[in-house]
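Take a look at this single chain in structure tokens; it is the form predicted on its own.
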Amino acid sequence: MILTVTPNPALDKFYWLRELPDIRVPVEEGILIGAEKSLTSAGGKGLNVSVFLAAHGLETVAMGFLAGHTGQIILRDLLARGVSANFVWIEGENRTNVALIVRGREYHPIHIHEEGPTIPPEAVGIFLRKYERMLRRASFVVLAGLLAPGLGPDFYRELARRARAQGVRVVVHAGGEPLVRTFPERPFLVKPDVREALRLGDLPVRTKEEILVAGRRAIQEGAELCLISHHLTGDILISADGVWEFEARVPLSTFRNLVGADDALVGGILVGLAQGKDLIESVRYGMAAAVASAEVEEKLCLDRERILAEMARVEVRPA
């Protein structure tokens, strides 16, 4: 079983626009923006990974904190997609995240993210007890996404420590200080989220050279593997044994929705490993899943045949 932890789940709403009005022009009666299409689904990095895993027939349990009417919608969506759930319910309302996608500029979506409810200390205690029990059945745990208000920067480190004590391999799919603080707990794989800032800790990751420096530091500080996005169609995998570049030979004009592509990448890697593929082939499958997801309007491409077809366009070379 693969366990995912999403401390700050969301309801994701997507709106496709033919064009984005110039909101700098003052209009007395406000501005009306018409969407030609919309989609809604449970969101948050860990939840997206669980949905991807469930679609591939893998047992997965999603954990985190749910609240209010939005939380009920998130839970129903997950259960309908075959994801088992073990959440802690709190007061308040889960956040709603909005993405505006303009036709012809799909590779530059506009994100509007809410903060989410504050997690009270008693809820953290309940969560940790549930988490310890779930670890007994898990082969991997994925710690994913932004921390909710009320959770300190060591939250992921504590979860990683508890997982490692039970022999569970840890994947950290997050960014900033919460990610960096997990390194001493020797996570199996770290996938930095660089959407807000092109940095890993205090190091920039804008160029290939900077990525190698930052990735090698992550390995030196305890991570077994570090996978960093180089650009929209490329990733660099760093380990103590070597460095590999993965490049998907696809034009940006084929992209329809980038939200969720990184989560499909992580999910695809886990699917490959669960199916007995070696590390490089597993990352190739993850890259193919990310590209396939970016090329459909749904958040995740769950069509295995399409993902396998995309693998032909993913090149790997030692760096």
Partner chain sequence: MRVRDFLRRDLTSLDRDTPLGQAIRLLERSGHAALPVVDEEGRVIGVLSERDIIRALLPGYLDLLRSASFLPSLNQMAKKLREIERLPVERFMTREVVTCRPEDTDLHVADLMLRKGLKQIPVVDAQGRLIGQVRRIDLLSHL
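Positions refer to the first chain, counted from 1. Just so you know, these numbers come straight off a predicted model, no measurement behind them.
One more form of this protein should be noted, the form predicted in complex with its partner chain, which is absent from this view; the next part is about it.
Enquirer: Just to confirm the contact call: exactly one of 159 to 167, 239 to 247, 73 to 81, 213 to 221 touches its partner chain in the model of the complex at a 4.5 Å heavy atom cutoff, so which is it?
Expert: Flagged stretch: 73 to 81.
Enquirer: Just to confirm, with a 4.5 Å cut-off on non-hydrogen atoms, which of His111, His231, Arg133, His108 contacts its partner chain in the model of the complex?
Expert: Among His111, His231, Arg133, His108, a heavy atom within 4.5 Å of its partner chain in the model of the complex occurs only for Arg133.
Enquirer: Exactly one residue in Thr118, Ser139, Asn86, Thr96 has a non-hydrogen atom within 4.5 Å of its partner chain in the model of the complex; which is it?
Expert: Exactly one residue meets the criterion: Asn86.
Enquirer: Evaluate Ile126 for contact with its partner chain in the model of the complex, applying a 4.5 angstroms cut-off between non-hydrogen atoms, and reply yes or no.
Expert: Ile126 belongs to the contact set for its partner chain.
Enquirer: Answer yes if any heavy atom of Val61 is within 4.5 Å of a heavy atom of its partner chain in the model of the complex; otherwise answer no.
Expert: Looking in the model of the complex, residue contacts with its partner chain include Val61, since a heavy atom lies within 4.5 Å.
Enquirer: My question is simply whether Glu209 lines the interface with its partner chain in the model of the complex - judged by any non-hydrogen atom within 4.5 Å.
Expert: Result no; Glu209 lies far from its partner chain in the model of the complex.
Enquirer: So in the model of the complex, does any heavy atom of Ile90 sit within 4.5 Å of its partner chain?
Expert: Flag for Ile90 set to yes.
Enquirer: Pick out the residues of 104 to 124 whose heavy atoms come within 4.5 Å of its partner chain in the model of the complex.
Expert: Stretch hits: a single one, Glu122.
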